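A single chain comes next, written as structure tokens; it is the form predicted on its own.
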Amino acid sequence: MTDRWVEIQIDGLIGPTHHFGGLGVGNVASQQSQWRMSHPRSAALEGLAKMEQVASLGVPQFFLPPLIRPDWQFLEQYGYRGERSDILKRCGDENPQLLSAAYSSSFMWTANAATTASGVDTRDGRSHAVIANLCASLHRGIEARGRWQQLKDWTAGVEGIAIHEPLESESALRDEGAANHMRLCDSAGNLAGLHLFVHEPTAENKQVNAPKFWSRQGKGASERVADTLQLPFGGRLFLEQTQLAIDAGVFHNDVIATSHRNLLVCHEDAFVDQQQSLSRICDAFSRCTGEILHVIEVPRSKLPLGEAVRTYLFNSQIVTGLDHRMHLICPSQCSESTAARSLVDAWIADPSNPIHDVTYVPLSESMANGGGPACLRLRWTLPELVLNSRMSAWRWTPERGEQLRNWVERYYVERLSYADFQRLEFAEQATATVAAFPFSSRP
């Protein structure tokens, strides 16, 4: 269809029920923030500002509307039926975490929405997306159907794109999407890439004692997703995440490693048998692209695991702008950390390092729930022609950005506490806010 490919960034808009429910499995920030007062308006405006920053570099930036919350069908499945005001009161009194899940705005972390592959990578020449089932967490599992429908509607009629339903929701096939997936490709971004899938450690590589947290990505899920994406065997590798990292709060690979084109950045404690894993990656990359992979391995002596989790350095976005240079977009917590800031400064000062510059962005509300810049976006390399397709209806422009800001300012509440969830007035307001989204729900 084309020999020109572009990596687009797709952000999920932060919803009007953004709050701190502490529901994230193995997510230290989420658990530490449980039941704090949240600020949905500020959270959404921070997310929009981050999108504007990415778009200002000339990177194609898209957005997805929030899903409707509370999810009444979800509450009914758990036996809460009758008048909606009574449902909210009873559920809030009897099972506050269930009510929190029904209101969850966790769909804002779009990196978990799906795993994608470019048509230049696949056996059938189509670009694929497999929606993640997110079944490791109650509040996230309810996202899958809504995101599948949304992406189906968004790409309908666009040639060469296939959207696949989530895998079965069972423990062995728990799938957390692109948060545990990285694509490496040539420096120009136009050749077939190498896909890295990071999953739970095997039994022999788990700690002797019971692990503190369990992995949210099953090995079987990674293998099934790779098959569904139509990836050739030479274009995929499977890596084990270390139990040490998981127990430190690395609930997804994108908290401990990231990549962009011919660059891989990872912590020393990211993968089981790390040196062997890196050797396998470099060899496979060379076979795929004919190039040498640039690897930045961060030693724990320069950035301890706890500081990596606190700052979310590896959850930064790396994008290539119109200037054909790599730009790093870090959470502001990195600029406040001596260790993280020193690493970033050294990367930029090194002429052999492909990262050209850095921007620190404030995402205090998302970070308090364990989500940095990379959590808020899904990457997908697609033919350049899609930029002029119906999908462009949800592409960021300055005018659309202003409309989105006005919508947030008008409808989102500034402060939100758990007690608000038991008020029918707030539930109806949240639903009305999504209904008032300034663009068609189906582009």
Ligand code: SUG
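Each residue number is its position in the shown sequence, starting from 1. Note that the structure is predicted; figures quoted are calculated from it, not measured.
One more form of this protein, predicted together with the ligand, exists but is not displayed; see below.
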**Request:** Flag residue 252 as yes or no: does it have a non-hydrogen atom within 4.5 angstroms of any non-hydrogen atom of the ligand in the predicted bound form?
**Result:** yes
**Message:** Can you work out whether residue 42 and the ligand are in contact in the predicted bound form, taking contact to mean some heavy atom pair no more than 4.5 Å apart?
**Reply:** no
**4.5 angstroms heavy atom contact with the ligand in the predicted bound form for residue 24** = yes
**residue 331, heavy atom within 4.5 angstroms of the ligand in the predicted bound form** = no
**Listed residue (53, 30, 389, 381) with a non-hydrogen atom within 4.5 angstroms of the ligand in the predicted bound form** = 30
**Complete:** the ligand in the predicted bound form has a heavy atom of only one listed residue within 4.5 Å, and of 118, 215, 259, 315 that residue is 315
**Asked** 109, 112 and 370: each with a heavy atom within 4.5 Å of the ligand in the predicted bound form?
**Response** yes
**Message:** Only one of 263-271, 316-324, 139-147, 69-77 has heavy atoms within 4.5 Å of the ligand in the predicted bound form; I'd like to know which.
**Reply:** 139-147
**Complete:** Near the ligand in the predicted bound form, with a heavy atom at 4.5 Å or closer, the residues from 375-408 are 375
